[in-house]
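Below, in structure tokens: the form predicted on its own, a single chain.
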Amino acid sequence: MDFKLSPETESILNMVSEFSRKKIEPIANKIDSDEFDPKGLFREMGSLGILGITVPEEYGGANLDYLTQGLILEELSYYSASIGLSYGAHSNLVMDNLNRNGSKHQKERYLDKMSKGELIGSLCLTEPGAGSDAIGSMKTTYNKMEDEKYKINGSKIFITNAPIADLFLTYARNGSIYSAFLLERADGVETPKKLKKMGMRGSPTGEVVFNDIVVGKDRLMGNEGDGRRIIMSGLNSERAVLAFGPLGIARRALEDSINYSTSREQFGQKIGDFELIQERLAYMFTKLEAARLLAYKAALMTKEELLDPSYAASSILFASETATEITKHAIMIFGGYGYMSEYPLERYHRDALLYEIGAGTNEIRKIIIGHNIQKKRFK
């Protein structure tokens, strides 16, 4: 396996890193404490050309792969996990999904503006009371009207970017038939409640409500009844790409820990000279690199095996648990300082925990992996 990135990807990552150091790093704590509104950063990321990274150039994108998209997410998350999460929801969950499943008219209508950050996207799947059974327990409904229009009613919960979104990729059912719709805020979509969270506070999350939303056939993504297929393929690419979010958090926590352990002195020597600190650092480094290898493999496989969820689920399962463990070790290395809110270690830990829950809980990922690997033939 060749781990050397293309010159184009390297150039993009250098640009994202410079942008993040200048624009995100100085306000990273403020993003968390003040529940920052990232709309302005979306427009700046749009000017960099990174929002539509997997979208063709004709729609304002860069026509690159999931690995590049994941690496951008990692770099943003290294500086602010919140910004990384909102980026992933917009760029992958909505834009990439729309590019793969939308009509030419829909792509022309939305993708260029989304690539520029002029429109922000939000994917609406999870519902109150549904939890991990997002499809079977779906209560948001649509009815087909006589004039080839659709009426949509229901609500969604825990929706990333909902309070700031302009476009809502929404799933609804008509009996046993599931379909996907592109709804605009101007259609009457309501976002009545912004949710308060333990972590990822700078990535706005909210409730979305549809009261008799009427749209034409041009807002149906794919064909009627394609909803289940679109959901499953979307979740697969989502998991593969979002696995890079916890990688960014874990890498930052490890680097902060190394820097601290080589400068902090106790008992007349650097704490990094103590074997128990070295043990923690060795464990953190090894788990991070193992998670990175799995994430790279899953991202590279996703394009060709979009409907095989095994590697995508395992990559985010391992990366999320790794980030939670590494950020906890980092807090312990910093000791009392790590527990204080004026230091970013506790923020890293709070943010990391989200990835064990979002995009399907780790329990669901284990079930997906266990079910699918029984179908495989291993050499």
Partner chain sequence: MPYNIIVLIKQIPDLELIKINKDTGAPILEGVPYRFENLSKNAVEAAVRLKEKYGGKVTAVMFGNEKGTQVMKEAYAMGVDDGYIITGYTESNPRFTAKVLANKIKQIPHDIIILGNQSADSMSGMLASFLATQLNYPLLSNALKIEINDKTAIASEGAEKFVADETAPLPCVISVTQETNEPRFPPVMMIMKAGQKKINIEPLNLPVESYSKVLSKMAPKSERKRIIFEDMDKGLPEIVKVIKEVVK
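Positions refer to the first chain, counted from 1. Keep in mind the model is a prediction, meaning the values are calculated, not measured.
The discussion below concerns the form predicted together with the partner chain, not included here.
- This chain is displayed without the partner chain, yet in the model of the complex the stretch 54 to 62 from 323 to 331, 339 to 347, 32 to 40, 54 to 62 comes within 4.5 Å of it by heavy atoms.
- In the model of the complex, the partner chain sits within 4.5 Å of a heavy atom of L48.
- For E18, a non-hydrogen atom is located within 4.5 Å of the partner chain in the model of the complex, even though that partner is not displayed.
- None of the heavy atoms of E363 is located within 4.5 Å of the partner chain in the model of the complex.
- Residue contact check for H371: none of its heavy atoms lie within 4.5 Å of the partner chain in the model of the complex.
- With contact defined as any non-hydrogen atom lying within 4.5 angstroms of the partner chain in the model of the complex, the contacting residues in 11 to 27 are S11, I12, N14, M15, E18, F19, K22, K23, given in sequence order.
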